[in-house]
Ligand code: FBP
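A single chain, nothing else alongside it, follows as structure tokens in the form predicted alone.
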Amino acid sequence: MQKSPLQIARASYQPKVPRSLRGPMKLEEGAPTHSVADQEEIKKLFPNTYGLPIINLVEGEAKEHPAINVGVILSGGQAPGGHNVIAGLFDGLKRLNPENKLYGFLGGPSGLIEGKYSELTADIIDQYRNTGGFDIIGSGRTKLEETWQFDNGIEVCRKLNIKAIVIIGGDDSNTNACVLAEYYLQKNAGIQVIGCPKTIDGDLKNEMIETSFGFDTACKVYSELIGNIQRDANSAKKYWHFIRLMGRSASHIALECALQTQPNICLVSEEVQAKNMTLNDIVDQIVKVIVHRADKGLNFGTILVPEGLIEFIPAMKKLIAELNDLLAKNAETFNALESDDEKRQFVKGVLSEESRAVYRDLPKGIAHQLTMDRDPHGNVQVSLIETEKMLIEMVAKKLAQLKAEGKYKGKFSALNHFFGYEGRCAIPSNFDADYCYSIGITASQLIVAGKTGYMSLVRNLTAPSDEWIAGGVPITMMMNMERRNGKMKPVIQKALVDLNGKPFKYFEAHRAEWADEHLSYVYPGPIQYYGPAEVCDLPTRTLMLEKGK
């Protein structure tokens, strides 16, 4: 297989790890923990894994460990660095006992249920070190929620003599890992479960998990592209670029990219919700900047739009909920209507007065999509709505009105972009390559120590890698109760952008300046893998600001 020069060079890169992970280790246990909320409910649901202590790994003395077989699962969407978690897990296990074996379950959690697996040997692992993607074993979105799934997993693990499973995933996947750990303890199955924090969205973090892996690389990839666009905009001086970025449940990616590139406008969904902004409020905010810049002869700029924006607009959220309910109850009548106009009139006739006003103001294409594209549960597929195109259409309409009134003399030409899959499988940055490898080694140590229901933990990440702190955090510590599909369920609490946090406050203090200028643009350029640490090894701006650096 032909490889690029960078692929060849990266294969030999040796990830940097904390001092405590370089030799023999021992575990130090802290005080008992409790969940972030709903303590009594979580404790009842997880009697065997609730209240476990936080663990730190420190330098220890060499010990002999009996051979063990371990399984690993990649779960959910891809994130740069997943291969290095597996490489770190493999190396950690082999260092503890060369007879240890690692099995990869193929295609995500379904591989465990269906008994589809492959033994991961040194020859295989070496092909994937420091590479992007999840293609070593593939990923999947099957949820481990049913008793029959858990029992199938027990049978498969017994067949392979597997004593521990490592699940590499986001908040939902790690919630499933915790449920699985609890069930296997109740059944005395003799199978440990360890989770690893993955998601480019950046919403799996808390007081212990400083960042999820992949967030750093993805944001650097997107920021390079945004910087390139800003350089082009500043050169051509004739286009407004509306750039939608991944991150449906939180705006961490949009905010981090704004901190790296300093665009003219960045929308933050959490702020929109907190200020109870309408779609028209957002359009007016964008138009105000465009008109002001046009008065200075600057008919160009960049606007960052988080993927999940629509769901954070209170009035839109209410409209979508009403549509889901009304169209479910009136599906037969609605589907019998022939023309789009008839369907539009029908919808306006059954909506509440407030939602009808919102629906009426939407571009026809978006309004049509809200009523036609449903998921298997009958709900609007919000992630398919091209929010950036909707905003362009609404902004153009508003600017035309202002031009007719003599209040706008500029020229508005817009281009739309969506940056998503471009960042999910990129070659990991040095930070993610090092962080993920350390997470993998840490997971191997938690396994040989007999721990279960833990997430592999590496923190103090703004310090040099020598000073990183490795350990484990009980997954129950991160949980609360939330309504899912009409039922209250235990889930890991998602981390939204903290409007009182240092990253947002820095953005808030500087965005007026960025809106007004074209000389404020920052051009990050491509990820650098070789060179001085201050260029190659820095974590995200979000993490640096959170730690006061």
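Residue positions are given as counts along the sequence shown, with the first one as 1. These numbers were taken from a predicted model, which means no experiment stands behind them.
Only in words, not in the display: the form predicted in complex with the ligand, which the text now covers.
None of the heavy atoms of V347 is located within 4.5 Å of the ligand in the predicted bound form. G77 belongs to the set of residues with a heavy atom inside 4.5 Å of the ligand in the predicted bound form. R248 belongs to the set of residues with a heavy atom inside 4.5 Å of the ligand in the predicted bound form.
Though the partner is left out of this view, D201 does reach within 4.5 Å of the ligand in the predicted bound form, counting heavy atoms only. Checked against the ligand in the predicted bound form, the candidates K187, R231, R141, K238 yield a single residue with a heavy atom inside 4.5 Å, and that residue is R141. A heavy atom within 4.5 Å of the ligand in the predicted bound form is found for one listed residue only; from I427, I366, V382, I154, this is V382. Between 191-199, 281-289, 84-92, 397-405, the stretch whose residues reach within 4.5 angstroms of the ligand in the predicted bound form through a non-hydrogen atom is 191-199. The single residue of 301-315 lying near the ligand in the predicted bound form is E307, the criterion being any heavy atom within 4.5 Å.
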